[in-house]
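As structure tokens, one chain now follows by itself in the form predicted alone.
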Amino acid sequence: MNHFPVRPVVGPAHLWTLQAPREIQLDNGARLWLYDLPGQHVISAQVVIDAPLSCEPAPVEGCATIAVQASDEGSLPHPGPLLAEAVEDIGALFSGNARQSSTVCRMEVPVTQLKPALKLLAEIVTLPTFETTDIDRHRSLRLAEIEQMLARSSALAMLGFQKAIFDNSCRVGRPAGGRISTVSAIRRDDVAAFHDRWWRPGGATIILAGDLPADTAKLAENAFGSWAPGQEQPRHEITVKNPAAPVVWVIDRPGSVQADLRIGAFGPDRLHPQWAALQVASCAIGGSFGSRLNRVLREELGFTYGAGAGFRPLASHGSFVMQASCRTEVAVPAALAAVDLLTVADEPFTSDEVLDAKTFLLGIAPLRFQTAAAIADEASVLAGSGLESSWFNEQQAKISAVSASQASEAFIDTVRPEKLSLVLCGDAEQLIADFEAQGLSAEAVVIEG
């Protein structure tokens, strides 16, 4: 029950800044970022390795993902299950993933167990055994995950969208965890070779966030100081757009009563001079519940339960994507309505829309970063993208200064209706007929896992 006689007034969002880390350069080339957060008694330790997916050999794409997944199955000092037992004994949790920009290994641990945790994390990163039986099991698990992914309409739509937007030569246009043909080819030596070649301290960032003991820097140096540098610089690809775009593609799911929709185009990365304005614009167009896309497609037209949009930056360039799920019979009208809404030149953002977007983006920051893990996650994104730790705070200040005209101009310059690709996954026979009824042609395509 609300006991307040008058509803509280919501004030403007305050500019919130992320604590700056203490930065230390290790002799082997790795950086150390220390975020001391008093009262956060579960420490998040992350190692961001300069090993992007573009370093994978094409015939065995997916080996970077399996390298992370199998890295904690055993180390030279703790072979087999002894490593898992050692991690469990100190109440720690390990996870990791291979990203387009980098590879990340994480460990969450109580502050009282930081010293042994860092030692174990260093073992996982530098001395994994990669037993053949473990690699075979993870390969089978990954193949099962691909089969499950290909059974989901939303996943197929996103795979189709990536293929439509990015040139076939770009790693980002293919599944991050590999395809059936490439994962099936992965063997133990492929995973070990990828690890030995690219999991090196040069360009790596070790991030520790939490209520850090006074000797944390020394503990990290002792754990990772013997990590030997490599001989090669990793290959970071320059993302290239699909020269055939824009396209209108339909991925067939015969008899489907629902269609998943993706609309978008090749886009900028975080270094774009208008990035702050684009963040505000994308929030206003599709980044919150009250955004234009959601308000019109959900509330006014009743086409979907929810529609959203936003920019997805990579280390080099990126994409803009709008997404929604609709009943098959309204999917094409929803797609065309979405394109109209993305034509911001016809209806620039209002000052109220931009104020709401800025209030959301600035106001949500303290909620986003309540835990050490959340702060470490943000830091790992910055480190993996080659950005300085101060980038987030600089961006917050720029967002607070964005005007309605700046947001409109940035979005109009970047998201051009004539360059938007449409990818739908659903009943191709009905969807293609609906496009034809609107005087548009669509191509049925097959997405291979």
Partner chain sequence: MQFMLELTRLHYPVDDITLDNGLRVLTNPDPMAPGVAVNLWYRVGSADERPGATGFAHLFEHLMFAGSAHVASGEHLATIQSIGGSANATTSFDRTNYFETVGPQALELALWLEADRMGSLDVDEQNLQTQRDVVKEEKRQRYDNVPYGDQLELLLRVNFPEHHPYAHPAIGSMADLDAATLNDVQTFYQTWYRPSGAVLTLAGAITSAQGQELAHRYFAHLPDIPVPANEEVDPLPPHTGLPELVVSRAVPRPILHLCWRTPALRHHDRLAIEMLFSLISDGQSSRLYRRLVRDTELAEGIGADDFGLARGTSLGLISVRPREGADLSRITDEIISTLDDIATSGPRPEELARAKAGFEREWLATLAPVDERADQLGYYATLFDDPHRINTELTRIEQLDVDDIAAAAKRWLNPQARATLRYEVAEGESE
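Positions refer to the first chain, counted from 1. In this text, all values refer to a predicted model and were calculated from it rather than measured experimentally.
One more form of this protein exists, namely the form predicted in complex with the partner chain; it is left out here, but the text below deals with it.
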- The unique member of S140, S181, N222, N97 whose heavy atoms fall within 4.5 Å of the partner chain in the model of the complex: S140
- Proximity to the partner chain in the model of the complex, single hit among A244, L76, V257, I238 (heavy atom within 4.5 Å): V257
- Query: Do D215 and the partner chain share at least one heavy atom pair within 4.5 Å in the model of the complex?
  - Reply: no
- Answer with yes or no whether E232 is in contact with the partner chain in the model of the complex, where contact means some heavy atom within 4.5 Å. no
- Task: Although the partner chain is absent from this view, report whether F303 comes within 4.5 Å of it in the model of the complex, heavy atoms only.
- Result: yes
- Does W227 reach the partner chain in the model of the complex, with heavy atoms at most 4.5 Å apart? no
- Query: If contact means any heavy atom within 4.5 Å, which of 308-316, 335-343, 107-115, 273-281 contacts the partner chain in the model of the complex?
  - Reply: 107-115
- Query: Which of the residues spanning 55-93 lie within 4.5 Å of the partner chain in the model of the complex, based on heavy atoms?
  - Reply: D72, E73, G80, P81, A84, E85, E88, D89, I90, G91, A92, L93
